[in-house]
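Encoded as C-alpha cells, the following chain is the form predicted alone, with no partner shown.
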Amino acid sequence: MANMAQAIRMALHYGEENLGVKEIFGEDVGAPLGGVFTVSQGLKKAWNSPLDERGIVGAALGLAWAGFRPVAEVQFVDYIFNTIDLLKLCGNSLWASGGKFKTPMVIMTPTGSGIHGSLYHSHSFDSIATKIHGMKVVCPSTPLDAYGLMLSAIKDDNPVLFLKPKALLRAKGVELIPGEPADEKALKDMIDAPIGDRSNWKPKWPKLEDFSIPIGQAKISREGRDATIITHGRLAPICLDVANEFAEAGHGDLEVIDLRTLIPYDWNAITTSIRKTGRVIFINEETEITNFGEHLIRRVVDEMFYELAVRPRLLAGKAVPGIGLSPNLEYASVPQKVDVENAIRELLADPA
C-alpha cells in the first residue's frame, strides 16, 4: 500500500498528465530532492523556487489569475505565517470580483507535530487557516484521502490550502489508490528515486485513475452509539485506534468522524452523529486558545443544546509559544494517545 507521500505524488502526477497542472514548485520541490518529504519526486512539472514563501504564494496567485492551475509548496507550515496577507488576497479574489477572478491554486504544506522538529518544524496552522475566509482547507489522514482530496483541490476554482500531517507522510494506507499496484515493493521500485545518483532516473508511473473526494465531506471512520469523536489529521488514526480498543475491551461504542475538510466543514455529519450519541469531544493538536474546535463547540451549544446528554469537550494542544525539541516536551504539548484515552473515559463517565 502507498504511504501518504507517495499518494500525493501520484495525485500530482495525475494532475500534470490529466488536469492541466503545468507548474509545481517550492523550496527543493524539483530535482534532485523532490520535496523534503519526496512528495514531488519525479514529477515533470516540478521546479525549485527561491527560498521565499511570499514569493511562492505570490507567484501561485499570479499564475492562477492568468488561468493556470499551479500547485505550490511551503516547505513547512511553520514558514507560512509571513504569507498571511497574500493568503487573504488569494481567499477574497473570487468573492470580491463577483466571480470574475477565479483562483484555481493549491498551496500544500506539512503541518503539525510528531517528527520532533522543535520550534520551527512542529507548528499547526489549522485554526489560523480557517480564519482566512475564501480559502478551502483540507487535511487528510490516510493516503487514499490525500489522493482524492488533492485531485479535488486541483480541479477547484477556489484556492485550496492542503495541509499534510507531517507525522503521517510515511504512514501506509489500508486501501489501494485506483491504479496503484497491490505489491508495495513494486510501487516503490516504480516511483521512488534510488539513493545516490539520480541523474538518469525516471519514474515508471502506474496507470492511475481519477478518484475525487468532495471537499467538504467528512468520513465516518467508525460507527458507534455511545459518544462522538470529531477529529482530523494526525490525531484521526489515533482516535480510531482508541475507539477500536475501547470497543474490544467493552468500555464504550465510539463513533469517529474524520473531518478531512476544515473549511467548508461537514456540519450535517457532525449533527447527525451527535443526535445519535448525545456526547461529543473535538480532538485536534492546535493550541487550545481560539481553537477551531471551540467554534464547533459554540455552534453545537447554540443549535443542539437540548440534544446533548452532557457538556461537549475539547482536547487540544497546550497554549504554549512552541514545541520543544525533547520528546518529553513535545508529548506534553500536544495530545498523545494516552490523553485521548483519558479524555474519552471522562466523557463516557459524565452522568447524563
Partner chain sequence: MSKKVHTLTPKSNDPYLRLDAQLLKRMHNIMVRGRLLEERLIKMSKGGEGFFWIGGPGEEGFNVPLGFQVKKGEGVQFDYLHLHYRSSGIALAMGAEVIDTIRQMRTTATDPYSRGRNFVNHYAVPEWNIMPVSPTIETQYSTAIGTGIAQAHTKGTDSLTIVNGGDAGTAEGDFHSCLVWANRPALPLPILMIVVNNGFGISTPAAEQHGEKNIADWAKTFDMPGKTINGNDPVESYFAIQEAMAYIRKERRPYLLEAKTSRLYGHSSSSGANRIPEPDCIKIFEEQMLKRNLIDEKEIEEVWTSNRNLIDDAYQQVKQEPYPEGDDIWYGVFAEGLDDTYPKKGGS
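Positions refer to the first chain, counted from 1. Predicted model, so just to flag it, every value in this text is computed and none were measured.
Not on display, but discussed next: the form predicted together with the partner chain.
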Next on the checklist: Taking a heavy atom within 4.5 Å as contact, would all three of L63, K100 and D157 count as contacting the partner chain in the predicted bound form?
Outcome noted: yes
Checklist entry - Is the gap between F81 and the partner chain in the predicted bound form 4.5 Å or less for some heavy atom pair? => result no
Item to check | Contact label in the predicted bound form: G317 to the partner chain, heavy atom within 4.5 Å | outcome: no
Checklist entry - Can you check whether P203 is within 4.5 Å of the partner chain in the predicted bound form, heavy atom basis? => result no
Item to check | 4.5 Å heavy atom contact, T38 and the partner chain in the predicted bound form | outcome: no
Next on the checklist: Give me the residue from Y265, F125, F76, F282 that has a heavy atom within 4.5 Å of the partner chain in the predicted bound form.
Outcome noted: Y265
Checklist entry - Out of L144, I270, L89, A193, which one falls within 4.5 Å of the partner chain in the predicted bound form, going by heavy atoms? => result L89
Next on the checklist: Partner absent here, but in the predicted bound form, which of 89-97, 247-255, 105-113, 161-169 has residues with a heavy atom within 4.5 Å of the partner chain?
Outcome noted: 89-97
Checklist outcome for this item: Contacts from 45-81 to the partner chain in the predicted bound form (any heavy atom within 4.5 Å), listed N to C, are W47, N48, S49, P50, D52, R54, G55, I56, G58, A59, L61, G62, L63, W65, A66, F68
